[in-house]
Ligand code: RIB
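Take a look at this single chain, the form predicted alone, given in structure tokens.
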Amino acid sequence: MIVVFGSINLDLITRVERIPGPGETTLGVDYATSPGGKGANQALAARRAGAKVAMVGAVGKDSFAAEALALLKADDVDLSATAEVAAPTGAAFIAVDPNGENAIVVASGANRFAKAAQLEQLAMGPGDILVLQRETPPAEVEAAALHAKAKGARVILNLAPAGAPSDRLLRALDALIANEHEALTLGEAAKLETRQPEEVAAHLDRALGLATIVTLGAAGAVGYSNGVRFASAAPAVKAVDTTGAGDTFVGAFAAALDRGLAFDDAIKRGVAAGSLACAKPGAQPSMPYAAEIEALAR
């Protein structure tokens, strides 16, 4: 089983001719709403990739909550440990340009009240995987990792948004996934001289024994585990919207590990799933199912 502890949002998405800079206003024609949040996205991606999944987070007692949870419910993600709290459901405000690139502002809302103690409602143990991100309080993310580790589960952290995890959290991890910017942020925090994201991944594997993957957008992904380099090129797709592609990678990667695939094969599934997600608009609506992922990964 995969347990995801993380954020649950409702995304508000508008298409613009150009993403605005500081102090600038850009008009979009209309907007759409879609379930989102890194935690919920990764939970749905793992479920659609074939894993049994439980989502642990928090939503408000407002009208956004039902829509934010709709696709998780539709795909039979276990929500028994997700809490309803007295704060608005988290929301993300997303601008997407004609090339599919995006800029995102997140209002945390109820995600600030997600507690690691909620994991006690689930029977975790060896063979399970906990997936974490950084859109919930850092102390709760660390506590969740330590709880899972004590139960014998594997722990994966997606280093998003960018930042420097505590040493206790890093040492509780079995795998870390970051994009190029996030990897460099971690490298700077560790006072590494390199400006190459891949070298940060190699350092974490070498120094901490921490399997580390850097996602490279259209170039695929590269990872290091036990001193060995693994790389997977991204298949060519016409990018419509890159929103959620990174989360799709994380969920599909975790699902592949959950069914016993090797590290390099899991990276390949993550890249295939993330590429497929770019070909459709929205975060959760664009996430592919297992058969699609397998077909492209081959």
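This is a predicted model, so every value here is computed, not measured. The first residue of the shown sequence is 1; numbering continues from there.
One more form of this protein should be noted, the form predicted in complex with the ligand, which is absent from this view; the next part is about it.
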Quiz item: Okay, which stretch from 89-97, 123-131, 198-206, 70-78 lines the ligand in the predicted bound form, with non-hydrogen atoms inside 4.5 Å?
Solution: 89-97
Self-check item: 4.5 Å heavy atom contact, Val106 and the ligand in the predicted bound form
Solution: yes
Quiz item: Can Lys38 be called a contact residue for the ligand in the predicted bound form at 4.5 Å between heavy atoms?
Solution: yes
Quiz item: Taking the shortest heavy atom distance, is Ser275 within 4.5 Å of the ligand in the predicted bound form?
Solution: no
Quiz item: What residues in 1-34 sit within 4.5 Å of the ligand in the predicted bound form, counting heavy atoms only?
Solution: Asn9, Asp11
